[in-house]
Ligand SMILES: Nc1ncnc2c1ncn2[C@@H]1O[C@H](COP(=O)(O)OP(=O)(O)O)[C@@H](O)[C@H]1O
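Take a look at this one chain, the form predicted on its own, written out in structure tokens.
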Amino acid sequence: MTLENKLGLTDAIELAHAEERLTKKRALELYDKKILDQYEVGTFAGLQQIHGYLFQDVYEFAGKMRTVNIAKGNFRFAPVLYLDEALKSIDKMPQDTFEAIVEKYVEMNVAHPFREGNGRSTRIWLDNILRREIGRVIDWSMVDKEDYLLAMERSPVRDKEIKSLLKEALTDKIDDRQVYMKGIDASYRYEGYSTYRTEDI
């Protein structure tokens, strides 16, 4: 079933292509227009701003907390009933070290606050925290898709693997447009979107 969208598309593949093109364009604007610098860092409000900006052309629910329960495979994300409470707790989590930041990221992934587009938004959110707090970002092009997905799947139980994987990909090139663009492409590839390259949009 295709998600209801602003484009009136009913074909899932057509929607995926349009979504990738439109949201990658917005992801680039977040960087080029320095919009990310204006957003709250490390809060759900900041993540809402990122999600709202990325998906504004595609979904009515852009930046809005989900109202349905969702699962991926056998994993059920935070139930809607407790979502608001979970997000308030995540806001209060420390973000002063790499380890603490990744722990916060793992919790936000478990919360999965949006109907769609959680991974892509939350990876930008994570980099924004790392940039502000420790002067580093992740070079996502160095993070293997399978390794990442497996580590994230296991992270609610044991986060050592995801910490180690992301630590190895840290870079101090926090203002490098190329690193950002390659990162967006890698982030989208994790979710199965690889029709367009950010630099060609």
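Numbers for residues come from their place in the sequence shown, where the first is 1. Computed from a prediction, not measured in an experiment: that's the story for all the values here.
Omitted from view is the form predicted in complex with the ligand, to which the following refers.
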Any chance all of 75, 112 and 117 sit within 4.5 Å of the ligand in the predicted complex, going by non-hydrogen atoms? yes
With the partner left out of view, is residue 148 within 4.5 angstroms of the ligand in the predicted complex by any non-hydrogen atom? yes
In the predicted complex, residue 153 touching the ligand (heavy atom, 4.5 Å): yes
Does the 4.5 Å heavy atom contact test between residue 191 and the ligand in the predicted complex come out positive? yes
Proximity to the ligand in the predicted complex (heavy atom, within 4.5 Å), stretch among 67-75, 80-88, 126-134, 94-102: 67-75
